[in-house]
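A single chain comes next, written as structure tokens; it is the form predicted on its own.
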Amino acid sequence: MNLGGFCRNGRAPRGLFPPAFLLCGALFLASPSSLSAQTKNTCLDCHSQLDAPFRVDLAAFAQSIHAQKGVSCVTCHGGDSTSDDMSVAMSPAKGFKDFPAREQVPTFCAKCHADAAYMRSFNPSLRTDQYSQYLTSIHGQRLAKGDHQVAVCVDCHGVHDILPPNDSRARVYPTNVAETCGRCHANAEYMKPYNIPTNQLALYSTSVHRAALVDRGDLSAPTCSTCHGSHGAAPPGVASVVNVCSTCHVFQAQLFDSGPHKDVFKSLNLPGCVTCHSNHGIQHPTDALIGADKGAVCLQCHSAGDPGYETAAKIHARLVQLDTSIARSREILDRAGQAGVEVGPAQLDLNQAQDALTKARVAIHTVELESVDEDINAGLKVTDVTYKAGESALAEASYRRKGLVISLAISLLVLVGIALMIRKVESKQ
């Protein structure tokens, strides 16, 4: 059953689970059409006929990971699913137990998922530390203090429609994680007691990370759980932001650590990467981000006249210089190619200049002009050679055109001469 249809914000209010509801569980078979052929299950016989919110969607239920692994209703809820007598089916003597209160859900799920020996029989590679991680999370800590609004297992995974994390329909599949977290964290009314922003999902939806993950299908791209953790979810501290970002951006972090910003940021208690790049709404970086022009992030701290301001302006100018030089070489080579001259090797060499520009754009994390200049100068040497190759190619194309014109003119004169000679011979005859 999907609780989202009747639980506020996808959460089940306390006290909403009457005894009849408690018999819902998972099936042994994965196909809805096979339900009737299964061993008698009065839990499903009843709940599949009820109206919402107590109706069990057999199709979704049968596709759940619990159903596919043979975990039945009585596995979680006890009782006797073969009896038509509800007093027997729900008898404590048969092991029937109430659906856990909200604050008991993590412990309830952990009875199986924290039991390594039991879980190994289903999937030897499955982790069994989810519960211990949850206890360390901001959700688990607040739950332990009596806050029953925080997320528990069923809020992220569902109840009777739980799908494996590698199923693209699962709420915790990478492309769906942001929306799952956003069910709470983007709800301003629900998050009001916590006095934290609720624009994370909106910002992330505009970010380069979301574009890579959803638009380009790169499942290695970051989503909420990549930076905050999943079962052990917690906001990164100011001092640990660089560590989190460096999980993917290793070289950039090393350059940042080698530059002067690391100690300055630490002394000012500024988070490393997000100070310049922001956090949830990270945009594709451009050369305009560094420098002294409007919109440059350097201006957040530096002003005209200080050394940082001057260095930023020089770095920006050098990046623009190489970028312009690459465009200049590419334009002349394209013209030469369109004129019919072979310029493939020069165009291939120009890729080296583009690589040098990319390296320079990474080297700016040192905020040292010398480091950036090393790559810029290497790139400019390549563009100088490729531009001259373009000039030579255009000169060759011009020479070819002139030669063709001369050849055509000579051919025309010869034809005219032949025609005159033929006419002269014909006139004598």
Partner chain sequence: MSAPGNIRNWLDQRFGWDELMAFLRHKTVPIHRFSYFYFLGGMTLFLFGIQVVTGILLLMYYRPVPDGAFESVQYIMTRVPFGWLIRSIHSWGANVMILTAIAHMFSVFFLKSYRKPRELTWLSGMILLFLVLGFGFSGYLLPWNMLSLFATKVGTNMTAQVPLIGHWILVFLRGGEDVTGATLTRFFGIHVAVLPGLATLLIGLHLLLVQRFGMSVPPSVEDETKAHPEKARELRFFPNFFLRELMAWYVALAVLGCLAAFKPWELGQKADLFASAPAGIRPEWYFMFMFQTLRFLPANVGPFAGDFIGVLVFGVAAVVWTCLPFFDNDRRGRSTRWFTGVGIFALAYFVGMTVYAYLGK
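Positions refer to the first chain, counted from 1. Just so it is clear, the structure is predicted and the values come from calculations on it, not from any experiment.
Omitted from view is the form predicted together with its partner chain, to which the following refers.
- Interface membership of residue 52, defined by any non-hydrogen atom within 4.5 Å of its partner chain in the predicted bound form, is ruled out.
- Though the partner is left out of this view, residue 381 does not reach within 4.5 Å of its partner chain in the predicted bound form, counting heavy atoms only.
- Residue 98 falls outside the set of residues with a heavy atom inside 4.5 Å of its partner chain in the predicted bound form.
- The shortest heavy atom separation between residue 259 and its partner chain in the predicted bound form exceeds 4.5 Å.
- The three residues 345, 396 and 418 all sit with a heavy atom within 4.5 Å of its partner chain in the predicted bound form.
- The listed set 234, 219, 320, 339 contains one residue whose heavy atoms approach its partner chain in the predicted bound form to within 4.5 Å, identified as 339.
- In the predicted bound form, its partner chain lies within 4.5 angstroms of at least one heavy atom of each of the following residues of 385 to 412: 396, 399, 400, 401, 404, 408, 411, in sequence order.
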